[in-house]
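A single chain, nothing else alongside it, follows as structure tokens in the form predicted alone.
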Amino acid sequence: MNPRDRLIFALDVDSTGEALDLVRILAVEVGVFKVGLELFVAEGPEVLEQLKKAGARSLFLDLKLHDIPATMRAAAKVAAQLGVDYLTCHCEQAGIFAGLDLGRTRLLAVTVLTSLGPEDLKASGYPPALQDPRALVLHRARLAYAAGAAGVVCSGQEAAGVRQALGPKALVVCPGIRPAAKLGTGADDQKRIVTPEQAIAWGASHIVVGRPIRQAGDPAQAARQVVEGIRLGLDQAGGH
């Protein structure tokens, strides 16, 4: 896999025009474009086809589905018909999709959001053994992968443990990525962050990057720097 194909760029904007401009700038540098709730709610499913026409080769629909089984299965079937390559749900509901034909769409299960830390899990009522995000991520990742998900979404801090637990074929997708120069100053609302090199070296198959590229003076150059980090991580990991 080309290193750039491991880079997922988050189109966290609220208009088709902004999204198309970013795709045109970054199509050569980025393997996958991620459409999240902001853009999907603002513009609807039609934006996906427009992104493809603008040059997006692969699309990731990040809706983090979480609802009753009938609604989840129906929504996933519709998403698959839209031609997206990746779709997210929450880990504890991955089993709902067992036996459902989603065509080429690969299901990714979200473990623990990268904006959450131990204090958040404690406040949410998790028992002490699961208040460490690493423990909860591993628990949920095993359940989701056993239920048939193609892989999971977790922070790079958990990537090594997840890779070891799930094996070489699982997709391990890591958001909360910040270039080394931004680690001390650019966490934003993220709590569990790592560099591109670290995430890939520790077992990530893909990384998700949004603000460090989108807010850069030269987004294309910023994307190239992230891809270089991916290359370095692959070298450290022996090219997994």
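Don't overthink the numbering: it's just position in the shown sequence, from 1. Since the structure is predicted, the reported quantities are computational estimates derived from the model, not experimental observations.
Absent from the display: the form predicted in complex with a small molecule. The rest refers to it.
Have a look at 96, 135, 113, 150 for me and say which one sits with a heavy atom within 4.5 Å of the small molecule in the predicted complex. Only one option qualifies, and that one is 113.
Heavy atom within 4.5 Å of the small molecule in the predicted complex - the one residue of 208, 65, 32, 48 that qualifies: Of the candidates 208, 65, 32, 48, 208 is the one lying within 4.5 Å of the small molecule in the predicted complex.
Check all three, 163, 203 and 235, heavy atom within 4.5 Å of the small molecule in the predicted complex: Judged in the predicted complex, none of 163, 203 and 235 sits within 4.5 Å of the small molecule.
Please run the contact check for residue 12 against the small molecule in the predicted complex: heavy atoms, 4.5 angstroms, yes or no? Residue 12: contacts the small molecule in the predicted complex.
I'd like to know whether residue 175 contacts the small molecule in the predicted complex, with contact meaning heavy atoms within 4.5 angstroms. Residue 175: yes, in contact with the small molecule in the predicted complex.
Residue stretch of 23-31, 208-216, 195-203, 65-73 approaching the small molecule in the predicted complex, non-hydrogen atom distance within 4.5 Å: Answer to the contact question: 208-216.
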